[in-house]
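In structure tokens, the next block holds one chain alone, the form predicted alone.
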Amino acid sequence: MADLRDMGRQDSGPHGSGRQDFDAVVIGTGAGGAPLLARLAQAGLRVLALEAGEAHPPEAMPTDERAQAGLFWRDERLSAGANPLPFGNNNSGCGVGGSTLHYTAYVPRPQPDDFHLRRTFGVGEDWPLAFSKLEGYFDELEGFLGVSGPATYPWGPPRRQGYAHPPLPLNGAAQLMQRGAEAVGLRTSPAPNAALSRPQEQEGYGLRPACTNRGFCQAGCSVGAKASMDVTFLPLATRHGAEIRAGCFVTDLERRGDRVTGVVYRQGGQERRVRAGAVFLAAGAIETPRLLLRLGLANSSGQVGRNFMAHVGTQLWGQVEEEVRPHKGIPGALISEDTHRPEGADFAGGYLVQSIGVMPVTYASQFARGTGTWGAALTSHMRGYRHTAGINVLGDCLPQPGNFLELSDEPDGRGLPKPRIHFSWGENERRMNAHATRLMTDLWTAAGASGLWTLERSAHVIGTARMGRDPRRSVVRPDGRAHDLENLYISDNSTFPSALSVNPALTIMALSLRTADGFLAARRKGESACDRGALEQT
């Protein structure tokens, strides 16, 4: 097995390899950056990835939530609005592999109608591409990552191929959800998870073992069974010559005319720069617009930072007589998409329902935040932790003018303006949340849970650099290239025109591969930058 610290050896000196000229520089090594980094390296390009965080090898992941604080982006972000978002360990990652280090590996595909919400409901925004443009990438990703899932998935169009591995075992919460769903007439299925139920050989990494059902996926997988980028695409990229420099915070993009010519970053207190033929910005829906707003780039539309969205993600918790041990197993083991377009609903879009696992410190903090319970009462409640089980929903969110990211006048530790994120649920999110809460209450009551309580929350940060064909209403084209700059691409969740009613990771990776393929196709044609219509025609 390859030691992930091998990636660090390619960065053995303060300047890494010492090379200063690259065909492409990728900023960020998460789900948006890592796939395209590997694709470009496999094509023989000289590629560099700059990552603000440090490497976290699997064998260094302890079963300890507090010890894993380094996985999260801890720089302060200011939250405003009627439903202000918590950050820290909720909506951001920091490290080689980005947020995939702590994602739950829950990877259902979006459904075709997710891409045309406006055409269907008259609200929201349609994507400038159809499901069919990403379907081949979903197939590729599910095989490469080693997604475990059911032989037959009940929702969405017929699949062209099965999942790579059988489903993972149902943990305690999943078994409880299965029982409750049967009672209320809701179909369920083992969820697709990017974690191995059988060992898989991974090019550039070696043998990834099967999941040990240790749980604690959100604190980092200690065996490499979870398909985070550090055990999948990044080893593949370095095997083909890519260089990864960790601990590098990008501060500037050098320009000449309508082209980016170089990247300036700080590493170990020193300012460094490299020249770049093209730049792929994959820093996520907060840091990507933050950098662009600071530099005044790619914003002739005025849309950078606008259209911020976050999934409706309310959780419902209860306790049962039997021991559930909620920290064990893959967190999202069971799913239902019967609520994708619920009959008679008074809102646009839809949501999915999933069982959830939870780690003890996370649960204690959520219970305190959600119920206002502290001190002896909190301690008493936590004595029942092993009997606690939860479910949650993940639903659409509509873009609204009042939900946006801006630069505050308050500097962070680097002397840069902190981002301020305004977020409030609209009427659509409130109605969806009410519908989902009623359903989850019925389901958990039928399963025999008592002491029910809900945590109204939003999950995943999406939008802020919308993709579209109209340069007056969007920041990047359908191929991910900025309208305003010839060789600047954005590859992360900031480009989503709508939130989709599923977790975003698989779609981010699919878009990343698609952007890389379009870029390479244009190079093969001898063009200096991606042809404007290349991807739309593929």
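Just count from 1 along the sequence shown to find any residue number. Bear in mind that the values here come from a model prediction, so they are computed numbers and not experimental data.
The next section is about a form of this same protein that is not shown, the form predicted in complex with a small molecule.
- Although the partner is absent from this view, G28 contacts the small molecule in the predicted complex, with a non-hydrogen atom inside 4.5 angstroms.
- Contact annotation: A510 falls outside 4.5 Å of the small molecule in the predicted complex, judged by heavy atom distances.
- Proximity of R466 to the small molecule in the predicted complex: non-hydrogen atoms within 4.5 Å are absent; the residue sits far from the partner.
- Though the partner is left out of this view, T339 does not reach within 4.5 Å of the small molecule in the predicted complex, counting heavy atoms only.
- This chain is displayed without the small molecule, yet in the predicted complex the stretch 278-286 from 399-407, 385-393, 278-286, 232-240 comes within 4.5 Å of it by heavy atoms.
- Heavy atoms of every residue among G53, H102 and H460 are located within 4.5 Å of the small molecule in the predicted complex.
- Comment: the small molecule is not present in this chain, but in the predicted complex one of L78, V250, A446, L186 has a heavy atom within 4.5 Å of it, namely V250.
- Exactly one listed residue, out of N433, S92, N171, Q202, brings a non-hydrogen atom to within 4.5 Å of the small molecule in the predicted complex: S92.
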